[in-house]
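The chain that follows stands alone, in the form predicted on its own, written as structure tokens.
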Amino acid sequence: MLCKACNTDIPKKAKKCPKCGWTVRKDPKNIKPIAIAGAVISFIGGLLPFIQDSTSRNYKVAYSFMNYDNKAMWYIFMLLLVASVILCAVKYEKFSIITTVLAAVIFGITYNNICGQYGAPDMMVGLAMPVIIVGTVLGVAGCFLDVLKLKKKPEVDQRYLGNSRTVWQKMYIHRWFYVMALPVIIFVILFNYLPMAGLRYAFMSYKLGADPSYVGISQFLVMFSKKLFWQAFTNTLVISIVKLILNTFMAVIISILLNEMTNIVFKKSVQTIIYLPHFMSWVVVASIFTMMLSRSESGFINQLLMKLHLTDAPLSFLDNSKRWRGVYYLINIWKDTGWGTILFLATLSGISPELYEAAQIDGANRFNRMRYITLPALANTIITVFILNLAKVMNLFESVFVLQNDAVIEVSDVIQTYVYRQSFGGGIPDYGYTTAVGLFRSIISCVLVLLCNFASKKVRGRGIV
């Protein structure tokens, strides 16, 4: 940012120009996320029941947009809210107020019709009413305050802030880049955003041979009441976090050891060897370790333990609930640690050799040089890698699935394998229930990403999204 008085470059957080003392009054903070959050909350409200049974507590008896006679109302409601988010993103907050209010009007009309058609003494107000009211208030208030903010002219000329052009002007200037990106945008919409419409099945009962029927939040109530679900959820968090800590720790240790090697040929050879497991399929890895840990004569590990007289009989590894997690962590360290050392080695290569030379002259031994130079230089990278990987703790499937069996299901079942077993494990699956579990997992993953983004801003000064 430039000073309006003397054109001197002003630091980002400075309140006055360092040269002439001119006072800087910066733009008000961006409050657009409030309006976007309101639209998202209203969107969620459109999936929830308007009215439902209150006497027998049979939450499957519920009425909403999705079992209303006029299905077009639901699509109009959702499209208006999507339009609100897009209009906020392209800085057309005034029009966003209109779409948000229109969505609320559509809800009011539909709610009135549903109450008139299905309302009875044994029906009560559902969750949709308070959720959509809160969402509408936030959406309108956020947009309205953003519009008022635009009327407050900042003291710094907009030309010096780089915001003199509108969004459409910028898009026109770079139009050929948008044309070039159009195939990718279409692909993302078709395969990433359109399938999101399937989340409505989380609020339905959808079994083979029967049409989907709206059941409100009953699938989530069933999910939260199942012991196996909470077991899978706990296993997911424990396995993912322990694996993340162990892999990060081992990657740091191996990176430091590789950095201490002076023979370049030997160092490159070791790097290549520890990188290779990363490129192997988990199916191949599972096959190799299943054979090595077998209790039969082909089990190399058991044969070695017996020859060394460390055990009298073959041990169970992958089919023993007490040993399965330990074996799983070791396999993950073997497969992924080598690849994880790349970022740490890049950081170590950027440390100035003069620091080590100065420490050596001062009498510091190798351990002290690692303690006072290497580890502090790696600290920021370690925290960054940990934060970025923490956002992916719920994405655990393939590595567990290929090593899992019925004997260890209690300690190895995670959210995604639980969904797989519920969908394809036999019997007549309820795809509405498995969609509800998947939606819950996605919400937790989204919360983790936002928390990690906040932590990344605090540590690195910039977010991950």
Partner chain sequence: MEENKYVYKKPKKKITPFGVFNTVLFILISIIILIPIWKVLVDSFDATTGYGMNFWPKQFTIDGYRMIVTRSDLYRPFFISVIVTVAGTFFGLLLSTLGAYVLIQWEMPGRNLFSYMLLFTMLFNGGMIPTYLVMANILHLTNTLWSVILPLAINVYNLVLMRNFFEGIPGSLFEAASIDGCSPIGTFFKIVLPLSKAALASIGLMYAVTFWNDYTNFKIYIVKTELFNFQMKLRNMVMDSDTPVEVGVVSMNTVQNAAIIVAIIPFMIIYPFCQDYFVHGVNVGAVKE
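Residue numbers count along the first chain shown, from 1. Rigid core: the largest C-alpha set superposing within 1.5 Å between the two forms. Everything quoted here is computed from the prediction, not taken from an experiment.
Keep in mind the form predicted in complex with its partner chain is missing from the figure; the text below concerns it.
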Would Val131 count as touching its partner chain in the predicted complex under a 4.5 Å heavy atom rule?
-> no
Counting only non-hydrogen atoms and a 4.5 angstroms cut-off, does Ala286 reach its partner chain in the predicted complex?
-> yes
According to a 4.5 angstroms non-hydrogen atom cut-off, is Tyr178 in contact with its partner chain in the predicted complex?
-> yes
is_contact(Tyr275, its partner chain) in the predicted complex, heavy atom dist at most 4.5 Å = yes
The one option of Ser225, Ser298, Thr234, Ser213 with any heavy atom within 4.5 Å of its partner chain in the predicted complex is Ser298
Could you check which residue among Ala313, Met261, Ile245, Ala89 gets a heavy atom within 4.5 Å of its partner chain in the predicted complex?
-> Met261
Of the listed stretches (217-225, 319-327, 235-243, 338-346), which one has a non-hydrogen atom within 4.5 Å of its partner chain in the predicted complex?
-> 338-346
Scan 196-226 and note down the residues that get a heavy atom within 4.5 Å of its partner chain in the predicted complex; none is a fine answer too.
-> Met196, Gly198, Leu199, Tyr201, Tyr206
Met291: with the rigid core matched between the shown form and the other one, does its Cα shift 2 Å or more?
-> no
Does the distance between the two CA positions of Phe300 reach 2 Å or more between the shown form and the other one, the core being superposed?
-> no
Core-aligned, does Ile173 move its Cα 2 Å or more between the shown form and the other one?
-> yes
